[in-house]
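Two forms of the same protein chain are encoded below as structure tokens; each is given separately, as structure 1 and structure 2.
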Structure 1
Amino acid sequence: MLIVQKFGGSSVANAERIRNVAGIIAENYSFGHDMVVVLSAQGDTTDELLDKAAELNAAPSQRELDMLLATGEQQSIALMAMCLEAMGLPAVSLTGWQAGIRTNADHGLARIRRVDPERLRRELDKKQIVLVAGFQGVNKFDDYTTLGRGGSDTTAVALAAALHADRCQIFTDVEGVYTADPRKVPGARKLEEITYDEMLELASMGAQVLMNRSVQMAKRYGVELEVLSSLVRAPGTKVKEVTRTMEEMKITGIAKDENVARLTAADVADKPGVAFRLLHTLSKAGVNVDMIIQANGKDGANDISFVVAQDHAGKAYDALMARRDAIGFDHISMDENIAKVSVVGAGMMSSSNIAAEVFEAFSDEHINIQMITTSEIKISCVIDAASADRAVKAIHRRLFETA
């Protein structure tokens, strides 16, 4: 059996944790399995590297940033190889490059184009435990790229797909996927299983337990995932196409995203084509727009508000201001103190009272909703950031904790 395992930053944070993970790898290897293990950078290493860069350059080039960030994962794989060596086990560490992970040239947010698995296969044939640096690849110029925060999950799924692995296990610091972040909501329940679609929504709406792109890739290539703890031995959560409990589960979970900002274009002319020009400008600047609301003001002028990822807010502002007259608005206001709270579930729309309960929970907590969007599978509300944790807890209590 070929197993791909991925261990996140907290699972390899120090020597003791590395030994613990080495024990898990060794046990599986002793059963005769072929082992490919993807590792993240230790603990907060990636953030620390970003801080170091910022000390020297407020806006470093993405190429050099990727060169720096890629070193975090390389430390982990080398240290793990040494630990396994010390246990008398054959192990070899490979960078993303050596593992054949080829990406496009989009530094900082690169997409995996293909995996050339020859080297991996050769090492596996030699019965080596193969340790691969997560989160990184190499582009056609042979420069290092990184896949975006949380990208080691995507590395693991890409390798599992390319090698037709029998199992893909994502080990982390919680026991699986829960109905809400178990660190913030004590009453959160572990899910035995969840569909790709629901997991994709939860991940895209801010549940960082899996990177959304890894879930997308898992769905596309039919890679079944298991999310489980590296510290506690317990069955985790299966992420798959269809789940047994699908009919009964109306709501799967609640997610919060604080990495959002609201921009409002004020006094937009009430004429056809304005919304198009505004959104076209944003799309050309590479900004993804999430929720959009148009409010009718007096005197034939409107306000158009929309939500973008916080790290895109500056770029969005600059792009719009550069075309202010062409688009036709007065000014842009920006609010970064917001959060998006989303309730996700495949059976949601067949049950009209869920939306009502969500809004009642906000109302009971006296939390003002600034924007709302709904779809077949989710309800999202924008509220002020300071109330977000309270909101998630209140909705969770209402939807999951009352029998």
Structure 2
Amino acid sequence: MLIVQKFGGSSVANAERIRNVAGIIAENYSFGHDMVVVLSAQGDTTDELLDKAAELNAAPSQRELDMLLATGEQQSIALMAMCLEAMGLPAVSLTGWQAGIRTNADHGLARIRRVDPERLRRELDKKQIVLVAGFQGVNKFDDYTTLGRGGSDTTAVALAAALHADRCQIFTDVEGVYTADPRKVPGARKLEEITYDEMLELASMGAQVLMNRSVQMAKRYGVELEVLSSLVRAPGTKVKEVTRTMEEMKITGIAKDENVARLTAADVADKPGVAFRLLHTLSKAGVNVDMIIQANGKDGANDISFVVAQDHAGKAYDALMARRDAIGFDHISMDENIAKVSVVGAGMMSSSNIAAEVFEAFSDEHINIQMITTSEIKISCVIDAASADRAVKAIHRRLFETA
């Protein structure tokens, strides 16, 4: 059996944690499995490297940042190889380019174009435990690239797909996927299984167990994932196409995202093409828009409100204000003190009362809803940030904890 495992930064944060992970790897290797292990940078290494860069250059080039940040994962794989060697196990560490991960040229947020697995297969044929640096690859110019937030998850899924692995396990500091953040909601339940679509919605709505790019890739290539803890030896949550519990459980989970901001373009001209020009401007600036609402204003004008990631809010504001006259609006207001609370579940499409239950939970807590969007498997609401934790707990009590 060929197993691909991924361990995050908290799982390899220090020597004790590295030894713990080495024990997990060794146990699987002892069963005769072929092992490919993807590692993230230790603990806060990436942030520390960014701080070092900022001490010398306030605006370094993305190429040099990628060259620097790629060293974090390389430390992890080399240290893990040394630990396994000390245990008498054969191990080899490979950078992203040595593992055949080829990307486009977008430094800082590269996309994997292909994986050339020949080197990986040669090392596996030698019965080596192959340790691969996550979060990185190489472009057509032979320059290091990094894959952006959650890139190590994407690395693991890409390798599992290329090698046709029998299992792809993502180890984190939690025991699986829960109905809500167990650190904030004591009654949160661990799920045995979840569909790709449900996991993708939870990931994109703020749940930080898996990054959405890795889930998208897993669905595309049919890679079944298991999310489990590196600290507790227990079964985790399987992420797959179809689950046994889909009919039994209408709601899968509740996610909260506080890294959002709402912008409102006020007094937008009520005529064709204005919304296109506004959104096209944001697209050219590299800003992804989530929720959009148009409200009727006065004197033939409208207000258009939309939600973006908080760290893109300033860029969105500047891009729109630079084309205010061309787009046709009066001014832009911005609110960063908001949160997005989302309820996700494939069973929602067959149940008419879920939305009413969710909105009643908000009402019981006297929480005002500022924006709403819905789909077949999710309801997302924008509320005041200070009410977010209270809202998640209230919804969870109503949907999961009330008999």
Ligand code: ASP
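These numbers come from a predicted model, not from an experiment. Start at 1 and count along the sequence of structure 1; that gives the residue numbers used here. Here, rigid core means the biggest group of C-alpha atoms that superpose within 1.5 Å across both forms.
Here the chain appears twice, and structure 2 is the form predicted on its own. When the rigid core is held fixed, the Cα atom of residue 51 travels 2 angstroms or more between the two structures. Summarising the core-aligned comparison between the two structures, the C-alpha atom of residue 60 is found to shift 2.6 Å.
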